[in-house]
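Below sits a lone chain in structure tokens, taken as the form predicted on its own.
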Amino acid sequence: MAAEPVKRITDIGPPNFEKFLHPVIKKNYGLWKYHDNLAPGVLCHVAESGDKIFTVRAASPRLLSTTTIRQFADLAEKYCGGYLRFTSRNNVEFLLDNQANIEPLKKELLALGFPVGGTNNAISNIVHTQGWVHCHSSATDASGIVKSVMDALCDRFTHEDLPAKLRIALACCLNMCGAVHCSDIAILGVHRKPPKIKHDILPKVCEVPTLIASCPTGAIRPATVDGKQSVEVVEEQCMFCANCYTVCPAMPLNDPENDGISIWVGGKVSNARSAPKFSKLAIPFIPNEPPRWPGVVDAVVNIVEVYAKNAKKFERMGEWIERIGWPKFFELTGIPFTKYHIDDFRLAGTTYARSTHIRF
């Protein structure tokens, strides 16, 4: 008689995702026939078996309080057997097998202040990084800007009236933990000054060789200051990544007067109709203006409205710009073209050669 296989139990890593799938999804996994868009924020997926699963998508602020999480959990228990999920853009999606529960769920979500939408040719939730809430290298806030921008664009979330889907992303510094390198509109925090070196405490709290090795462009060099071992920064080679501050708290990069925001446009991940595209610079600098960032809000709303008015059906932001040309884009949006729009980066070869692994 063959021995029964041993079931191994481990606490390493996350639990198997199948454990949390809605029964209809688990039954028809990989066997979906088509899906319909019933209304803004409401989808219906139909399986080959004829089974249906309904999705109600609502916006969430990403950084959630326990009160909000409990509200979502209560709604999920009430209307869809407790099944919900969060998308990669921080939308919350409720998974229902009873179509009659859709409208009551939407009504309660709206009463709690969570708009339903973000599907098809609309703006989805803004994916963003940590900002001042958590990140030590941020040049701007994240949650505050996203809240301000989406307050102004909420109708574009709840109504499917854009030429195509529009994806907005925010990263609070150029390390780009968010998807700003490939979004229709990207909001990117920028530092403009190199780290401020605190020579008096640097030898006490930092390991100089590690600090020098942390710089990806070789901008940090050993130096002697007031008879003590320290470092200097070659400003022309600094790319403001804050890697040095990560390993050495005596190299702060944050600067309230010079830090700010840049706006990028035309990126996408999708390969439908045209190849994926990187975002390109539209506005080099907007100063930080908390708590509502009116300059950033006005700039993003302006670009969205010009795009909505001039693009063809199904045309993504980058495809529209390529069709009309960049000079026309700057003309229509009223954004001034400056020297900062000219890509003159020439240090790649020299910085690669500084690596201990690559030599030319």
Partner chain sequence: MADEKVQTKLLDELEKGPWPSFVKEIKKARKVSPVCDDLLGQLELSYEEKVGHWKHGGIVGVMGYGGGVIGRYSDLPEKFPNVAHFHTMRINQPSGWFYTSNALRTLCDIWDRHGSGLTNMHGSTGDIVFLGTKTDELEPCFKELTEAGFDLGGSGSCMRTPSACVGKARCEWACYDTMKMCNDITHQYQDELHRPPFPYKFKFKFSGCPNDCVASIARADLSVIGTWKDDIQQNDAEVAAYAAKGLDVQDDVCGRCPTKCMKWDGKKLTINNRECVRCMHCINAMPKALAPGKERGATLLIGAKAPIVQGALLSSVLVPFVPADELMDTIKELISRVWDFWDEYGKNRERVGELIQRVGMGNFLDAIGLDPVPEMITAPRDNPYIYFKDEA
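We call the rigid core the largest set of C-alpha positions that still match within 1.5 Å between the two forms. All values derive from a computational prediction rather than experimental measurement. Numbering follows the first chain given and starts at 1.
Omitted here: the form predicted in complex with its partner chain. The next part is about that form.
Think of it this way: in the model of the complex, its partner chain has a heavy atom of just one of H199, H136, R192, K107 within 4.5 Å, and the residue is H136. When its partner chain is considered in the model of the complex, only one residue from N90, Q237, S262, S230 comes within 4.5 Å through any heavy atom, namely N90. Among heavy atoms of D141, some come within 4.5 Å of its partner chain in the model of the complex. Interface residue remark: F329 is not counted as part of the site for its partner chain in the model of the complex, having no heavy atom within 4.5 Å. Looking at D11, you'd find a heavy atom of it within 4.5 angstroms of its partner chain in the model of the complex. For F20, a non-hydrogen atom is located within 4.5 Å of its partner chain in the model of the complex, even though that partner is not displayed.
For the partner-free chain shown, V269, S270, N271, A272, R273, P276, K277, F278, N288, P290, P291, R292, W293 of 262-296 come within 4.5 angstroms of its partner chain in the model of the complex, judged by any non-hydrogen atom. Superposition of the core reveals a Cα shift of 2 Å or more for E207 between this form and the one not shown. Relative to the superposed core, T246 undergoes a Cα shift of 2 Å or more between this form and the one not shown.
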